[in-house]
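Presented as C-alpha cells, the chain that follows is alone, the form predicted on its own.
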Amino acid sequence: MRHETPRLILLLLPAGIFFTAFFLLPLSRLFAIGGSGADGFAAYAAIVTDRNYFASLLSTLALAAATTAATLVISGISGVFLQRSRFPGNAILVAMLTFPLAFPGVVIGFMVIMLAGRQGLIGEIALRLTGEKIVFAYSMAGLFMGYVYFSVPRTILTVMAAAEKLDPKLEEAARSLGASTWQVVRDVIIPGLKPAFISAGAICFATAVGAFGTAFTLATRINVLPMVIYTEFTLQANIATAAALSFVLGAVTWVVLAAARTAAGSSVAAAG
C-alpha cells in the first residue's frame, strides 16, 4: 500500500493542477473581487435585496426551467422515435436535428430575428393572413425560441443513447398484462429514461442560465442575469457587483448540476 501512494499522487497531480489553475484560483479571485466594492461582501446579498437583480434572477431561472421542460418533451418524443424507427433519411434527420451544435449563440440569435423579427418570416406570413405583423424576437419569447433551438441537439443524443439501452422485454411484459400504449410510456419508458432526462435536463438548464450570445443579440426588452452582469461590467464599470452576480449565478448552476448528478445516479433499464 505504501508503494502505491506515490504512484497515486503522481497520477492525480495533473488533475489537481488543472483544477487549481482553472477552477479554484479563478473562483477565489472572483469571490474576492465581488467583496471588494463599497458594500463589501454584502454585495452578494444584492441578488435578493435589490429588486432589479432579483427580478432578473427569477426571469433567468424561469426561462431556463421553461426551456428545459420544452426541450425534454421534444427530445424525449423525437429521440425515442428516431432510435426505434428505421426509415430512409433517418440518419439525415438526426444530423439535421443535431446541426445547431455547430452554431454559436450570436448566429442563433440572428436566426431568431430572421424568423420573428421586424422583417422576419413569421411576421410577414401573419401580416398576409391577418393583416397584423407578429414580432416577438426581441422578447423573452424570442429568447425562449433560441434557447430551445440550441438545447434540443444537446439532449436528443443523450435520450437516443438511453433509449437504445431500454429493455424491450419490460414493454412486452407490460403489454401482455393489458397495459395501453400510454401506460407503457408512463410506467416503463419514462422511468427507464429518467436518469437520462435528469442529466440532460440539468445540462440544458445550466446552459440556458448562463447563455449570453443569443441574449446579447436579441437584448432589447430582455432582463436576464447574464445581460445584467454585462451591463454592470461594461456600461456601469461596477466590477465588484458584476463579480458578485457572476459568482452567485455560477453557484446556482453548480447546485443544480450537483443535485441532478445525485438524483440521476448511473442506472438505466438496460437490455439484457
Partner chain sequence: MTEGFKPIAITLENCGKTFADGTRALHPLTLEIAASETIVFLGPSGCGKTTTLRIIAGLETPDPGGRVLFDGEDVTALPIERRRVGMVFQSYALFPNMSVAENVGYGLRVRRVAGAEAAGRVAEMLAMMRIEALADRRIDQLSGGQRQRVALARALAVRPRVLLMDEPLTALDAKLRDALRLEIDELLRRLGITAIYVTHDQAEAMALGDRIVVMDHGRVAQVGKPRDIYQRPSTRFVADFIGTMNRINGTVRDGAFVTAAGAIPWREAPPGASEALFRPEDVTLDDTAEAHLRGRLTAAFFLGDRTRLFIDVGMEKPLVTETGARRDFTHDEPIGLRIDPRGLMAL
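Note that the coordinates shown come from a computational prediction; the quantities given were computed from them, not determined experimentally. Positions refer to the first chain, counted from 1.
A second form of this protein, the form predicted in complex with the partner chain, is not displayed here; the remarks below concern that form.
Taken together, the three residues 16, 21 and 29 all stay farther than 4.5 Å from the partner chain in the model of the complex, as judged by their closest heavy atom.
The listed set 119, 90, 183, 130 contains one residue whose heavy atoms approach the partner chain in the model of the complex to within 4.5 Å, identified as 183. Among the residues 95, 173, 101, 73, the one placing a heavy atom within 4.5 Å of the partner chain in the model of the complex is 173. The stretch that touches the partner chain in the model of the complex, counting heavy atoms within 4.5 Å, is 186 to 194, out of 154 to 162, 109 to 117, 130 to 138, 186 to 194. Not displayed here, the partner chain is approached by residue 177 to within 4.5 Å at the level of heavy atoms in the model of the complex. At a distance threshold of 4.5 angstroms between non-hydrogen atoms, residue 169 is in contact with the partner chain in the model of the complex.
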